[in-house]
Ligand SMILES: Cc1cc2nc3c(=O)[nH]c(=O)nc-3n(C[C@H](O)[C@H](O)[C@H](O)COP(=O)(O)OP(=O)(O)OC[C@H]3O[C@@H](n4cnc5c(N)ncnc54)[C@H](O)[C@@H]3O)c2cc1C
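A single chain comes next, written as structure tokens; it is the form predicted alone.
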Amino acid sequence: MEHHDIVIIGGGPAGLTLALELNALGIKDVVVLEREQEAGGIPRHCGHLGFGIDNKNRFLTGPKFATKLRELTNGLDIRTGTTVLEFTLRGTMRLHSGSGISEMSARRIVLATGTRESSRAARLIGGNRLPGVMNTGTFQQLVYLKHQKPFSNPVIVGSEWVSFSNLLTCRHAKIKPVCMITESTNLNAPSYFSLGARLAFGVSVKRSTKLLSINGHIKVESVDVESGGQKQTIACDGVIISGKFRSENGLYSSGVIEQENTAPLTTDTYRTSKPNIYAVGNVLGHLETAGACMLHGRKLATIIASELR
């Protein structure tokens, strides 16, 4: 069984920056475990501008940002295609990779597994199970990484920043959304985003509108919504379910560490209820930019390095 000083679970902006900073501080025995085949996290499939390799530069697309971050980590022990399955009773981690099942232990373990959007099931949306219903992350992966056009006229559900980013992805793929709907009276993004959606993309934002069900036989044909006590059917061929982020808590949902909602319960120095396990980045349950996650990674690196010296 392998043993290391630091094992970081998650190769997104927080995890990679933490590894880079630890290396710069003289902590060399660091391993990053990333379940995807390529490190970089969510920015890999966010094709719009607004990313930067630090907080001063916001003129990169997500894929270019992720590429630059990976270039900086050349020479570090970044293991992609490696999933941490569970923590064992002995306090080690059980892993799955191309070479099979193995175990690994570490003096310090850092959760940097990020966040995900709430699913259709979690939102209690009824109707048929059909292709063409997906969250933002899946949609962006299909468009930017696999160069697919999964539908032509979807309905976008949500009113957060990420919900509006779907408009940019749709434009890139020559997709025309029917509308955006949100249960909220007020947007969870700046109010002027609604005006921008209508003027720049020709897409109206329907507030106080609840998605009741998704209809169709072989594919999505329409959705039923309710607004002001009135029900309406909107024709569409896809549904993008966005926002309402929750921590990726599969590794600790069984009670390995204490939680607050789905996020690890931590101190202001990123410590969890287990003395050797830390959590950093969007896994903490507060969706932040890649730049903010990088800053948190640098801060945690300083904390851990001071403990190991």
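All values derive from a computational prediction rather than experimental measurement. Start at 1 with the first residue shown and count on from there.
The form predicted together with the ligand exists for this protein as well; it is not shown, and the discussion that follows is about that form.
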query	finding
Contact test in the model of the complex: Asn23 vs the ligand, heavy atoms, 4.5 Å	no
Interface membership of Pro264, the ligand in the model of the complex, 4.5 Å heavy atom rule	no
Partner proximity in the model of the complex: Asn282 to the ligand, non-hydrogen atom cutoff 4.5 Å	yes
The ligand contact at Leu33 in the model of the complex, heavy atom, 4.5 Å	yes
Candidate spot Ala19, Ser247 and Gly297, all three touching the ligand in the model of the complex (heavy atom, 4.5 Å)	no
Partner-proximal stretch of 38 to 46, 253 to 261, 266 to 274, 23 to 31 relative to the ligand in the model of the complex, 4.5 angstroms, heavy atom	38 to 46
Stretch 89 to 121: residues contacting the ligand in the model of the complex, 4.5 Å heavy atom cut-off	Ala112, Thr113, Gly114, Thr115
